[in-house]
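As structure tokens, one chain now follows by itself in the form predicted alone.
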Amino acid sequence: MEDILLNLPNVVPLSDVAWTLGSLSLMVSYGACFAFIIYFIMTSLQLAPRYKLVAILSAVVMASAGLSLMREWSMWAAVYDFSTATGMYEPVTDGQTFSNAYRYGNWTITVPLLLIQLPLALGLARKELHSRSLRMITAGVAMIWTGLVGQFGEVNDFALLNIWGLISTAFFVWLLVEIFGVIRSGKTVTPPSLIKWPGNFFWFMLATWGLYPIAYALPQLGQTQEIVVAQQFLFTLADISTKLIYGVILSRFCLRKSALEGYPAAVAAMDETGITSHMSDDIK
């Protein structure tokens, strides 16, 4: 059982370049998260009251994800020791381990927050917002925790990896169905000039959230340093796109809606970027 509870970095030596690339991917992840906390706090000041929570939740997601990724980076640094004999970074054998499980723990916190942001940004009525959010969160958390079980088999138990991966994928499909329902409902209350945004939300979420199962399944291609680094890069790309870029997109959408509703700070912000002129008919 002890062998099952291992992720690839615990068993694969890395060259100096590979170790540095893996370390940089984790550092960039948590650095970007911490930097954008301020961005989202400042953005919330420009949004109409009904949309402020969208940007505030993004700031919370950035803080939570940043702390988790910093923990991952510290484990990455601790689990390897450079060997002058081999010229490689060798996994240490004194009980120190690296685990992607901490990512799943963080996703349990951040995914519900990310999902709640969508109906808030789209302006769904309170009753529908609550019911749809509950279904999305249920599917999302089930997806995460079934994936958590499976990822413990990425070193030498691919049956565990694939069985629980398929179960997790089933919950992912359910989640996509719920997201599509939220977006379809949100289109009915979206201003005409912004009507393309909700549909783009769906395709963006499908593409970026879809990076996670690729990273999850990647260890089956071999226990090599290329796979180790590629997995961390995919996780990094997915984390930044599904959290940071997603938050920026929703915030810009809410800024436009706030301007259309006549909120002074939003109108001023749109004027400064020269966008209000393209929305003048809707504002009138």
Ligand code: RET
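Residue positions are given as counts along the sequence shown, with the first one as 1. This structure is a prediction, so every number in the text was calculated from the model and none was measured.
The following text describes the form predicted together with the named molecule, which does not appear among the structures shown.
Chemist: With the named molecule left out of view, which of 174, 82, 180, 104 would have a heavy atom within 4.5 Å of it in the predicted bound form?
Modeler: For this set of options, the contacting one is 104.
Chemist: Of 114, 129, 75, 137, which residue is found within 4.5 angstroms of the named molecule in the predicted bound form when only non-hydrogen atoms are counted?
Modeler: Checked against the cut-off, the match is 114.
Chemist: Looking at 87-95, 205-213, 116-124, 185-193, which lies within 4.5 angstroms of the named molecule in the predicted bound form, counting heavy atoms?
Modeler: Correct option: 205-213.
Chemist: Indicate whether the named molecule has at least one heavy atom within 4.5 Å of a heavy atom of residue 110 in the predicted bound form.
Modeler: Heavy-atom contact with the named molecule at 4.5 Å: present for residue 110.
Chemist: Look up in the predicted bound form whether residue 243 has a non-hydrogen atom within 4.5 angstroms of the named molecule, and give yes or no.
Modeler: Contact with the named molecule, yes.
Chemist: How about residue 165 - does it come within 4.5 Å of the named molecule in the predicted bound form, if we only consider non-hydrogen atoms?
Modeler: Heavy-atom contact with the named molecule at 4.5 Å: present for residue 165.
Chemist: With heavy atoms only and a cut-off of 4.5 Å, decide whether residue 169 touches the named molecule in the predicted bound form.
Modeler: Contact check for residue 169: yes, within 4.5 Å of the named molecule in the predicted bound form.
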